[in-house]
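Listed next as structure tokens is one chain, alone, in the form predicted alone.
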Amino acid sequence: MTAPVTRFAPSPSGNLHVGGARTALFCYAYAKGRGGKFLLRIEDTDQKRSSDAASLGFLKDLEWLGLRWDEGPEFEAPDGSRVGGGPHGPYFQSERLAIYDREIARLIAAGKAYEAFDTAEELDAARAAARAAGRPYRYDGSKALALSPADRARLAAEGRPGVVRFRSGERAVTIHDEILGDATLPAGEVDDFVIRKADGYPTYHFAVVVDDETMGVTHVLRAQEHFNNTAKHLLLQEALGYRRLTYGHLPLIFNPDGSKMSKRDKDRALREAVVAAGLEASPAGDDGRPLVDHETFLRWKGDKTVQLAADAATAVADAMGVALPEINVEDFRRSGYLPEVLVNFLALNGWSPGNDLEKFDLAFLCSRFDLDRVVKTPAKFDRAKLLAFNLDAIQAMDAGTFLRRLRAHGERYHPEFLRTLGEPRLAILAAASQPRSKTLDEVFRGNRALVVADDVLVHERSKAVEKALLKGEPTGLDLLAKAKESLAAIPSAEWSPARLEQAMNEFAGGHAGGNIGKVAQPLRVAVTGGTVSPPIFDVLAILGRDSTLRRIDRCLAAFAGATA
């Protein structure tokens, strides 16, 4: 049996959706587990929706997940190694037009395709007539087929937009699918569809068939929404004398409530937050300018059909402190999920290794993956389970690995932490945070107080803060003022978690009946502004002696004269 060649062929119209990542994962696992090749190509023939930046994003996302392609666009990985290239390039469809034109010319010469010059108005009228008659629309190619070569030349010379259509014929088409089984489309179901658009670019249906043949693809694994398209692809393969490939259509991924996981989920969540906050204008960025221009912001806020650009939506959400639902691979990376955890979890969305096994790595998946255990029904994306998986993986890491991966995440998404803390204090934060962190990003999002200037730290005015500072006898504020004197006596050279804990335990023994909690919580409020943080003595060590004392002074001043 020939080693399989699979391919992942995204359209570069945005970031890599987790559904697309799951498709790529299954393609990769099927090929790699059988000694085959995994190929990547970019289907960028839709000029209105494609972008080079999006293509690069796909490459970064796949490489981060560990899904390195054997053939495809060339890419330099973060470790300096090169990925991609190969004998079947170019791997961008927009660079393969000569190949498509050659094959289309062959079909036209054989009478299996023809040029058509119908106007948009004529096609709309035909569709309206079909609706009025209560029948499905099917393109009637008789007018186009009756054109003589001279007629076609004249229409082209006049600038009349022309397309090329494939002659589908009048026969049933049977699709054999390794996951869904056999299905037959009755005769007449497939009309004479377009294979080259008026802009000179091939349609998806034609380009994908030519590329799969010329790149040696043997197995096509893709989403179930493409199932009916397979009939067109089988007809084209037959007309061109190509091989018939093996197809498997994968279940869609839904939200737990049964709705389809969509990029619009993020947009909807952000709009709800903006409306709830009563914002009439875009939040400003660090430079003081609106993150979204006023007209665009108002149009988006008032029209649910309008979406903000991904970068703009992320910036607005960050400025508001709003967590958006993760939809794309980059969303999960930014939220601090580990790539191996996301790979593991995605594999379980539509496939099972059996025996109730849930935790496994990519190598295991490749060795076990087969199509007979892929389910037919939509998979439900359980975010709580994914978070639990990520927590387990973080807890299982040794301290050095966690610090290394935390540092890499900070360099990418929170460089201000590395600039402010430096390596020794980052190591303290990592050790203090690992036992309670579900994601890498939690360490940074939950500890922003550690990197803000002392004079801009805001102290919460909540019931929990009032309890910590204003209740009891002596009050937390009284203890805080006296604790500051003990802390000020510790030299900077001795300012470490162990030394600070020793000093404050001794202080609590003499001033708080030995109850360290009565001292620790007022300290926490003073130096972080709130009542939740990593262990307080780690926090004090990270901030340093001078910053700690300044923050205590500011807290004492802010609550001077306050009563419970």
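Remember, predicted model here, so these are calculated numbers, not experimental data. A residue's number is simply how far along the shown sequence it sits, counting from 1.
Another form, the form predicted together with a small molecule, is not on view; read the next lines as being about it.
Contact check at 4.5 Å (heavy atoms) against the small molecule in the predicted bound form: all three of 43, 208 and 226 pass. The small molecule in the predicted bound form is approached by residue 9, whose closest heavy atom lies within 4.5 angstroms of it. Taking the partner from elsewhere, residue 92 is found to have every heavy atom lying beyond 4.5 Å of the small molecule in the predicted bound form. For the chain shown alone, residue 405 is not a contact residue for the small molecule in the predicted bound form, no non-hydrogen atom being within 4.5 angstroms. Using a 4.5 Å cutoff between non-hydrogen atoms, residue 414 does not count as a contact of the small molecule in the predicted bound form. Taking 425, 219, 167, 222 one by one, only a single residue has any non-hydrogen atom within 4.5 Å of the small molecule in the predicted bound form, and it is 222. A single residue from the set 204, 381, 201, 117 has any heavy atom within 4.5 angstroms of the small molecule in the predicted bound form; that residue is 204.
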